[in-house]
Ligand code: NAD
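In the form predicted alone, a lone chain appears below as structure tokens.
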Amino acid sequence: MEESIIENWAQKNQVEVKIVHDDLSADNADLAQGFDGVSSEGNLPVSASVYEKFRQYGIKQLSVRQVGVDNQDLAAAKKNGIKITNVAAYSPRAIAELGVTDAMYLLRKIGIYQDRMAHGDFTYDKSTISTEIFNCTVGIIGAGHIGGASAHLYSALGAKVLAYDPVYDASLEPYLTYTDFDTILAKSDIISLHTPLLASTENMIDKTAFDKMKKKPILINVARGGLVDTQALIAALKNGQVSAAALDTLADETDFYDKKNMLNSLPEDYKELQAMPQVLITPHIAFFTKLAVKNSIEIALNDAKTIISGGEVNSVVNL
């Protein structure tokens, strides 16, 4: 699907595009020689040597076809005269919808029922009774494009929505109430993460955060794996501090996501989480809808073309 979108864009814009299927790295950066710009997608770290090569080849931009740029060395890129752009809003609803879907799945204890039924147990009891979404308080941590879209959806379902974000957006007031981080932890039945991975947000959900949470909330992470201390989450799930978790991203995912792996080679923390029926893991695919993929490609390539042509875009993240 991605190839056809790229090819259609290239034909429409009369631009030569070379498609490389591997993630951008020092090993394949030389393939950019002779081209005017580069667009990439992926979560593998990009080393400073990549930007040095781009500078040598006269390349002045790198358009990243995703929101997160925590795998990029922004300072090294700037030092080499490379403007890095991202796509901040290719389809916020795509990610928001998966988060809400996961929350409803966990709220109704479907994973636990599926696990029981796989062993011939079709019973239900007080441990699996559910709460209806309109009786829940949802805490949104990071109320940007995706967090805001999530607030819209939860609010439409009748939930009370709280949000923590250092940037205030008046347009979201009909759907949420702004508050502080600790209040989100203390009052939310569902906590949904939507912040970038920065030095200030790494492991923001750790043992201290779990200790401050309301009894047995559901944790949803469709943002970045590094926002959550994985070992602290496992402990919180085991001791009942957290009732369930949906994880579209894990801190160590670059070692095995988007690959076919031998089961015995998977990390122990993944195996431990996957074995829990109250945990739902998906391989970082919240973005993977037809509209989101189309938009991310076309926006990124349009930005690349604009910069190459001497124009300015407002999506540069390393000014």
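Given the structure is predicted, the values throughout are model-derived calculations rather than measurements. Start at 1 and count along the sequence shown; that's the residue number.
Beyond the structure shown, there is the form predicted together with the ligand, which is absent from this document and is the topic of what follows.
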{"item": "Interface segment, criterion being heavy atoms within 4.5 Å of the ligand in the predicted bound form, picked from 188 to 196, 115 to 123, 237 to 245, 102 to 110", "value": "188 to 196"}
{"item": "L250: touches the ligand in the predicted bound form, heavy atom cutoff 4.5 angstroms", "value": "no"}
{"item": "Distance check, V167 to the ligand in the predicted bound form, heavy atom within 4.5 Å", "value": "yes"}
{"item": "Contact label in the predicted bound form: C136 to the ligand, heavy atom within 4.5 Å", "value": "no"}
{"item": "In the predicted bound form, T201 touching the ligand (heavy atom, 4.5 Å)", "value": "yes"}
{"item": "Heavy atom within 4.5 Å of the ligand in the predicted bound form - residue from I184, I82, A223, I205", "value": "A223"}
{"item": "Residue (of L162, L233, I95, A77) lying close to the ligand in the predicted bound form, criterion heavy atoms within 4.5 Å", "value": "I95"}
{"item": "Residues in 17 to 52 close to the ligand in the predicted bound form, defined by a heavy atom within 4.5 Å, in order", "value": "none"}
